[in-house]
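In the form predicted alone, a lone chain appears below as structure tokens.
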Amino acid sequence: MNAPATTTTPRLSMFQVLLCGALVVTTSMGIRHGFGLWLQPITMERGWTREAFSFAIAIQNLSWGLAGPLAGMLADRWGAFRVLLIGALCYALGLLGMASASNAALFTAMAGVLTGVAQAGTTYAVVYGVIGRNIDASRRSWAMGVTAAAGSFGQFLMVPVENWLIGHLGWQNALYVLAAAVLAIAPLAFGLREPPLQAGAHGRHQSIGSALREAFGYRSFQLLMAGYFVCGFQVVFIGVHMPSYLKDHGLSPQVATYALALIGLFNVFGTYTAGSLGQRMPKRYLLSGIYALRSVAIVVFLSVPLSPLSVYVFAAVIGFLWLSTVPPTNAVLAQIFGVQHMSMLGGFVFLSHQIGSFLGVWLGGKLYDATGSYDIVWWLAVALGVMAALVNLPVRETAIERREAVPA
């Protein structure tokens, strides 16, 4: 088993970590949740297909996922502060590039690659590492739920703001405003600047290579990655393509805006509830229930007549389940493997999420262009939700046993 800690590291206050972490996630996630609002204005003005825009956002999600383990590794080693500063700068440059890109390839590089890398350094994996190292295990799942709820509030707050900016300033000027706004992450990063890590502060010292071999060889880690793949597929497909889906069926753009805002609002309650329940019940059952309920919600949504009311009810339900997988998944990682390499391991699990995101957003555009309908992808999301509900049931939540303690 893990050797007991021999020294302690001074911790940041819980209030400071939660406040600064929540505001960072609110800003970063709030901006990216509204990207679906740019699909139609950009493709119509540039003369691009929906697949071209969808591919760029798919690359964004994939870049975010691929850069996540590296960002987490750097945050574990050098501190979240530096990673957040670089991420904020890249985010601003990516948004400026989205506004000025004159062809689909350049748009993909800016909106896809650069913005995706920036999100890896300004969202959950990095912030959750600080939470794991500074907040006791008895309150860790709850604290992660608070931070995830903040990201959801960002969606509720920012989506109407972004829609207003597009309508009153034009889609390019709206991106310029957001590029300036995202730089607010830089001063917030100072509140997450941790004291230097003392040797032995987290007990057993473990190299990066050993941590990776241990995690990828552990069945529960593989199952968590499989479930997170489905999470990414579902939420990014819905977030990016639902506005166009509703417009195709004759509903006004305001319905889509209100729906995305409702998703963000109810996700505040859903993520907080999931984080709180994760302290009281097995997290594998919580995750399984979330994925199963998502599939049920989609089936009901597709089965009833489409109307503003049905959209709002679906948005509220799916919003409650939207990112509620995030706190229990990350809390399980800390519970099994400890917090020394938490940001890095969380980054690898999130990579699986982003591969699912890539497929969800890209297939949405690809199959729409091929068939004129989103139906195939909707039902694929249902089937994957059932699969995710099943694969989370066997997850073991107990701390992994290690035969030897490696001296620091």
Partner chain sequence: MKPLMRRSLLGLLIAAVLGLVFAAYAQPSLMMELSQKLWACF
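Rigid core here is just the name for the largest C-alpha set that superposes within 1.5 Å across the two forms. Nothing here was measured: the structure is a model prediction, and the numbers come from that model. Numbering follows the first chain given and starts at 1.
Same protein, other form: the form predicted in complex with its partner chain, not shown, and the subject of what follows.
Residue contact with its partner chain in the model of the complex: Ser252 places a heavy atom within 4.5 Å of it. Proximity of Gly97 to its partner chain in the model of the complex: non-hydrogen atoms within 4.5 Å are absent; the residue sits far from the partner. Heavy atoms of Arg50 reach within 4.5 Å of its partner chain in the model of the complex, making it an interface residue. For Ser141, no non-hydrogen atom is located within 4.5 Å of its partner chain in the model of the complex, even though that partner is not displayed. Residues Phe153, Asn163 and Leu260 are all found to lie within 4.5 Å of its partner chain in the model of the complex, as judged by heavy atom distances. Exactly one listed residue, out of Ala256, Leu178, Met110, Ala331, brings a non-hydrogen atom to within 4.5 Å of its partner chain in the model of the complex: Ala256.
Residue-level contacts in the model of the complex: of Leu359, Met342, Leu351, Leu37, one residue has a heavy atom within 4.5 Å of its partner chain, and it is Leu37. Here the chain stands alone, but in the model of the complex its contact with its partner chain, taken as any heavy atom within 4.5 Å, falls in 235-243 among 235-243, 214-222, 285-293, 128-136. Shown here without its partner chain, the chain has Leu265, Val268, Phe269 in 263-284 lying with a heavy atom within 4.5 Å of that partner in the model of the complex. Taking 2 Å as the criterion, Phe348 does not count as shifted between this form and the one not shown: its C-alpha moves by less than this amount when the rigid core is aligned. Here Trp78 does not count as shifted, since its C-alpha moves by less than 2 Å between this form and the one not shown after the core is aligned.
Relative to the superposed rigid core, Leu306 undergoes a CA displacement of at least 2 Å between this form and the one not shown.
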